[in-house]
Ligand SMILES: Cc1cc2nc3c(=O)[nH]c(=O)nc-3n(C[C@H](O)[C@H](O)[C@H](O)COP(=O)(O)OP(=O)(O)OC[C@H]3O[C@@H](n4cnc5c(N)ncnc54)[C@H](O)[C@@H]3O)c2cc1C
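As a starting point, one isolated chain is supplied in structure tokens, in the form predicted on its own.
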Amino acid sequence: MEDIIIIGGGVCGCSLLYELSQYDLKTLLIEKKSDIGAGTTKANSAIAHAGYDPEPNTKMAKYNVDGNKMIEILCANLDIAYKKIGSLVIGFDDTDRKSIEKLLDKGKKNGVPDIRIVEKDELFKMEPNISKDAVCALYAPSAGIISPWELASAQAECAVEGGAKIELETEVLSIKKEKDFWTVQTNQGDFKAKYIVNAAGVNSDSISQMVEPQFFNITPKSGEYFLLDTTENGIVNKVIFPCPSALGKGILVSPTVHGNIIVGPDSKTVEKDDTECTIKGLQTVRQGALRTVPSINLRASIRNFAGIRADAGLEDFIVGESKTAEGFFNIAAIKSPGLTSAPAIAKDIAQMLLAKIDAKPNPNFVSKRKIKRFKYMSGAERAQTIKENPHYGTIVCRCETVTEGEIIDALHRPVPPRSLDAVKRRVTAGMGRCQGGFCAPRVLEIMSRELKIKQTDIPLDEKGAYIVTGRTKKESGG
């Protein structure tokens, strides 16, 4: 019997697991995919939004601004890639200026620090490659860029190290209330808990409907992106937005924490598992990017991808206890700025649960971690690291300068990666220009050796997407 079961291993579920790990509770996170952070969390704009876009006095506004502050602290404590670079919303005419003035007013009401309008001269000093047609911009210094999947995995790892549990490849089939506890039936057996938190992303409506009357419906929205090679790094220094529209914040152009440039997304309604990129969608992204940054070289794209957002057609998040099913909580309809808001949502839900549970502090709570990243070490640090562990002397991923030692360490962390893409999300091996063309075979060898499994049993991402099916020729001398 668990105290709390969290359904969904995206950034919201993992943030809550980490928040609750501060207390002496039996907490279990259930995720149907083979890794945490493998849904919406792995494919988004990777922005820590400042908080000027949500309507004042909404949960979204509060969680966005609070989450922005919390993320900076979390990233420092958990050694998560993060940079506070600021954002600019670009205006091209008087109509855009009025929109920017409205955003400024909302930002001030929401408590966004140091937000202001910059005029043309200052704008071009900040961003020389912005379109010469720009006349002004809204500047929010508190916006940042982050590794979103790392925010999920870092919190999950610390939570598990502190005593929490995670069950992957575990799909919820039904939920029933029996006296004072819940039974969650899954493809891996039944789990029981006193409280349930639904953080299932695009499937949160389906989970909710298992226990309460339907009151929201998720309409998945797809957003397509270009990821540009590091050769384009420096084309912009801040997160660049156009003025927002009814479809969202618009096509952004932004640096990433890994030195690339990300461009996107568009917005269209899709099925819940449709992550297809289309010519039409990418053309929309291209046109939007060229409007704000005309000199951007989209031919430097090393990958196109699409992410799914959980849109319920509402102006606010759904966060809190069900009105009809006591002990069942929702974290639902979490669209942008969901990534930024996740830590603040987690803190709020945790307080709601602690009001019902008498929990003492967890003496084993893990509040900090430190990750070795060979790419960013000095020469002296590299030499010392290799001396301590010779595996750090072997470069596996040339594009991203990732060593065998880093991959081995990731495979033995509290939430080990089970697929090639999961390793990529942990240590960036395969994220560079060749997209794993050079390092993937070597990563498979290391995974097979360290996890003691056959290479034919290691998928690209989910089960069924296998890379190796068998030998094509005999070993020499065989």
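Not measured: the values here are computed from a predicted model. Counting begins at 1, following the sequence as shown.
Heads up, the form predicted together with the ligand isn't pictured, but that's what we're talking about next.
Mapping the unseen interface onto this chain, Thr41 counts among the residues with a heavy atom inside 4.5 Å of the ligand in the predicted bound form. The ligand in the predicted bound form is approached by Ser336, whose closest heavy atom lies within 4.5 angstroms of it. In the predicted bound form, Thr27 stays away from the ligand, with no heavy atom inside 4.5 Å. At a distance threshold of 4.5 angstroms between non-hydrogen atoms, Ala46 is in contact with the ligand in the predicted bound form. Shown here without its partner, the chain carries Gly13, Lys32 and Ala200, all of which come within 4.5 Å of the ligand in the predicted bound form through at least one heavy atom.
Stretch 302 to 310 is the answer when you ask which of 302 to 310, 375 to 383, 87 to 95, 403 to 411 has residues with heavy atoms within 4.5 Å of the ligand in the predicted bound form.
Within 4.5 angstroms of the ligand in the predicted bound form, the stretch 161 to 187 places a non-hydrogen atom from each of Thr170, Glu171, Val172, taken in sequence order.
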